[in-house]
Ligand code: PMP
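Coming up is one lone chain in C-alpha cells, specifically the form predicted alone.
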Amino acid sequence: MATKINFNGEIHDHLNISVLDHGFLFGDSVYEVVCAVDNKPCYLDKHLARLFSSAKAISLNIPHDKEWFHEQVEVTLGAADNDESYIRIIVTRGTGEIDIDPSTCHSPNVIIIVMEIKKYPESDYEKGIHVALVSIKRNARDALNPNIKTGNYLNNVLAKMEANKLGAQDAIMVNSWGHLTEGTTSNLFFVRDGRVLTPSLDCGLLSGITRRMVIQLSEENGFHVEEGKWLGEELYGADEIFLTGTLKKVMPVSYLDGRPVGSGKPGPVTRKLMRLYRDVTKRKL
C-alpha cells in the first residue's frame, strides 16, 4: 500500500510546496475527493465537473482540460497500486506575493494525492453515529457560498471541534436564519412519516454528488422526496437521520444531541438506501 502525489504531472512519494502558494496562505484553492476501487475512480466525471465549476466561481483558471485529469488520476492510481484508494484533487492559485490580491499568482498548481482509503468502521453503519446540532453557523451563500468546494474549511473545522467537545462524531450546522444545512463533510437527510427530507440548496450547502444520487434512488424506489427549509429543532422530530458523502456513503445517525433518533438504530428507509447506493456504486465500477 502506498501514497503517491502527482504535482503538475510529476509523481512524487513526498512533496514540498512553496509557503508562498496562495492555497496555503489564504485557502485560495478548490478541490474534490474521489474514491477508487481496483484502480477505478468512482464518478470521476461528476467530480471533475464540480471542480471546474468551483474554479470558475472563484475566477481560477485551471491549466488543463478534463482529459488531462483523467490521465493523471489513472497514472497516479497505477503508481500507488492500492486495492482501494482515496483521491484528493487540488488546484491552488499558485505562488505569489504575501498579499490577498491574487493577481500576482500566474501559474496555478495541480496536486493529486492518492493514498490507501481509511474506511469508517463497519459498526458505524450497523449502529449509526452520534451527531450534535452546533452553534457554529454555516457560511452564508452571499459571503462564501458553500456550494463552491474551496480549500477554506475553517467554518467546518470549528463545527467539528464543537461536536467533539459535545461527545459527538459529527456536527449538523444551521444557517444564520436557523435553517438546517449540512454536516461538516456531508449532506443531511432525515425521514419523517415515511418521507425523505433534505435541506434545499437555497439554505446554503454543497450540492453533493452522493446527495444527488440518493435523491434519485429515493425517487426511483417510491419514496416521497422533499427539498425544503426546516428549523434546526425540527430535526428532533425525525424518525430517521442519515448523512451522505463520498467517503461516508450513506451513514446512519442513531443519536442527536444525546437523544436517540427513532429507535436509536438505523431505520428501514436508511437501511434500504444504504443497500441501493452500495449496489448502484458496484454496478458503476
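What you are looking at is a predicted structure, and each value in this text was computed from that prediction instead of being measured. Each residue number is its position in the shown sequence, starting from 1.
Another form exists, predicted in complex with the named molecule; not displayed. Remarks below refer to it.
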item	value
4.5 Å heavy atom contact, T244 and the named molecule in the predicted bound form	yes
Exercise: Y153 in contact with the named molecule in the predicted bound form, heavy atom 4.5 Å	yes
Proximity of R93 to the named molecule in the predicted bound form, heavy atoms at 4.5 Å	no
Partner proximity in the predicted bound form: T76 to the named molecule, non-hydrogen atom cutoff 4.5 Å	no
Interface segment, criterion being heavy atoms within 4.5 Å of the named molecule in the predicted bound form, picked from 107-115, 209-217, 94-102, 67-75	209-217
Contact residue in the predicted bound form, from N139, N82, Q169, T185 (heavy atom within 4.5 Å of the named molecule)	T185
